[in-house]
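Quick heads-up: it's one chain on its own, the form predicted on its own, in structure tokens.
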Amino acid sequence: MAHAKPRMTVIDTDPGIDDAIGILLALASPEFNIVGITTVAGNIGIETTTRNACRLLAFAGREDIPVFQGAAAPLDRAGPEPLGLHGEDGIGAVALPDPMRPHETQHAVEWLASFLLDQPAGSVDMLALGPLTNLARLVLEKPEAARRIGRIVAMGGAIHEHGNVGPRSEFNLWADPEAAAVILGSGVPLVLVPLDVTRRVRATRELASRLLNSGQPKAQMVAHLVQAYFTSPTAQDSRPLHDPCVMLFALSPELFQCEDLELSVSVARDEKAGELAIMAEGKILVRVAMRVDAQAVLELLTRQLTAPWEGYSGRG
């Protein structure tokens, strides 16, 4: 169910093809009032993730939204090597315009703290698409501000699914498990959208064609991003839309089935890093999306992206 009034929303991200799709979906959705984007190293290094965020805003004609560069490395370990899945530029070499506005000089965590303290408690939501380093630093360094977050909706983890970087580990939590542990234990309202859901929401060439033929620039750009997944000679018939599931949940939570779970996250220095475990008993910490009406959320994504929209109409 859509909010009657747009929620003030900050997107914390490491773009990333699926991050880029999620950002464009949010920008296309009047249900969100995007007040800022904060970047984190993850899929690729911090300079590239930040530039990609600025380029997406230039494409969308939304240079009114500030971008704040955040953590270049995890809290307490070396950062992961770039995945390479999304190409050297992180977004599959899809053509985007140069940034119209540079990122802000203030660090993401400092900006988040000052912004949250200036707003009514509970009025700002965080949509987290990458490692949770920025939000963990906020909790550790600015706890009063962190307590004012309305909720965090984060893509991350695997409950019953096999991991994507280890037997039981998903990339975002694996990349900074200490940060994930901070957030899980923080008491800040959290909805986790794990691989158990995101692997059910899949982009296909047919979806890309439908978006491309819509004539709407935002839909066509998402089509190009989806097509970038299929350029590899080993490409599958479909690819999961991990990060857009965060926006889709925020738009229509009734399309997801959730469970309240107490979770712990492994901070081991081996392949178990980032693994989630369900505790037998204890305080409920996390609302976890466990099932999804995949067809309905794909239809929602298509509707949002193909609605009339004003913004950048070129591709270079």
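Residue numbers run from 1 along the displayed sequence. Computed from a predicted model, the values in this text were never measured in an experiment.
A second form of this protein, the form predicted in complex with alpha-D-ribofuranose, is not displayed here; the remarks below concern that form.
Contact residue in the predicted complex, from Leu192, Ala180, Val222, Leu129 (heavy atom within 4.5 Å of alpha-D-ribofuranose):
Among Leu192, Ala180, Val222, Leu129, a heavy atom within 4.5 Å of alpha-D-ribofuranose in the predicted complex occurs only for Leu129.
Counting non-hydrogen atoms within 4.5 angstroms of alpha-D-ribofuranose in the predicted complex, say which of Asn164, Ser186, Gln227, Gln216 makes the cut.
Comparing distances to alpha-D-ribofuranose in the predicted complex, the residue within 4.5 Å is Asn164.
Would Asn172 count as touching alpha-D-ribofuranose in the predicted complex under a 4.5 Å heavy atom rule?
Answer yes; at least one heavy atom of Asn172 falls within 4.5 Å of alpha-D-ribofuranose in the predicted complex.
State yes or no: in the predicted complex, is some non-hydrogen atom of His242 no more than 4.5 angstroms from a non-hydrogen atom of alpha-D-ribofuranose?
His242: yes, in contact with alpha-D-ribofuranose in the predicted complex.
Proximity of Asn43 to alpha-D-ribofuranose in the predicted complex, heavy atoms at 4.5 Å
Although alpha-D-ribofuranose is absent here, Asn43 would touch it in the predicted complex, with heavy atoms inside 4.5 Å.
According to a 4.5 angstroms non-hydrogen atom cut-off, is Leu135 in contact with alpha-D-ribofuranose in the predicted complex?
No, Leu135 is distant from the partner.
At 4.5 Å, heavy atom to heavy atom, what parts of 18-39 sit next to alpha-D-ribofuranose in the predicted complex? List them in sequence order, or say none.
Stretch hits, in order: Asp18, Asp19.
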